[in-house]
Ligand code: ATP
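One chain follows as structure tokens, the form predicted on its own.
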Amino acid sequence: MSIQEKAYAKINISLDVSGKRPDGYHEMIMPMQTVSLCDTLTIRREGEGIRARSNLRYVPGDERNLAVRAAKRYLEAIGEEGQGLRIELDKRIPVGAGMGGGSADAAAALRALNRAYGDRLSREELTALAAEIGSDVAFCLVGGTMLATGRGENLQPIAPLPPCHIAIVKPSFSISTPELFNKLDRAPIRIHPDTTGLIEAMEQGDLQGVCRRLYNVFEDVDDRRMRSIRQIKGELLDGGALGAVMTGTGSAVFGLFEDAEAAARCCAKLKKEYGFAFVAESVGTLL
């Protein structure tokens, strides 16, 4: 057996936190979009146990890797535990960017293995399994454009982003998700995004209306790195983006462009400055 699957990144078109739950998680409200930036997974039946190997040396190969964890849980769910698997990860989604790279890899492992084993789990069973593995894994499994609520596992289809080009920039630093949540808990959220208005603008195909409502509550956290985030947003806007916002807990920032050439020019400039820049497109549902 040798199977290959693309693991597509996600962006948060906006991100709101409505409170902290008794279980310690936060209530999230996130219109999310799958984008064309992706890793590639190749899974082979080989040896004993489940291990991963990546083109990035610092990516773990054991159960700290969500793709390994997903493969293990899938085999347990279909009663095939104990089989040896090797997962090759060609990583292109930047790590620590807020783009769900690890979750995307886990989701791709679930899709690939379910196909290889004859669709033994239904879409609903696979989605439930994904939600157990990580908060963003269910969205990365299904893909497309969704309103994610709860921890991120409750998914409701919404209208896709209007046609545009998505310029993604990641500075050299990454941001710890637990650290940013801790900082968010220590100060009240002053401004919440207009999620309803954003979704209505998407339904109407109104790109400018969408761009006016791009907002991420984490950008208001008292963290010195947000100065760099604001600088990147400014440079994207100066380069022709109609709107720009940080995705997830960062540190990647994206801008939405009507003009493909402007997006490419802006990315080429910012890649020299920040090290990573990529022009992506929206991707539809994956499952």
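Please read these numbers as outputs of a predicted model, since none were measured by experiment. Note that residue numbering follows the sequence shown and begins at 1.
The same protein also has a form predicted together with ligand ATP, omitted here; what follows describes it.
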Proximity of L256 to ligand ATP in the model of the complex, heavy atoms at 4.5 Å: no
Exercise: V95 in contact with ligand ATP in the model of the complex, heavy atom 4.5 Å: yes
L89 within 4.5 Å of ligand ATP in the model of the complex, heavy atoms: yes
4.5 angstroms heavy atom contact with ligand ATP in the model of the complex for P60: yes
Contact assignment for ligand ATP in the model of the complex, among A108, M99, A71, V210, heavy atom within 4.5 Å: M99
Among 60-68, 258-266, 237-245, 218-226, the region lying within 4.5 Å of ligand ATP in the model of the complex by heavy atom distance: 60-68
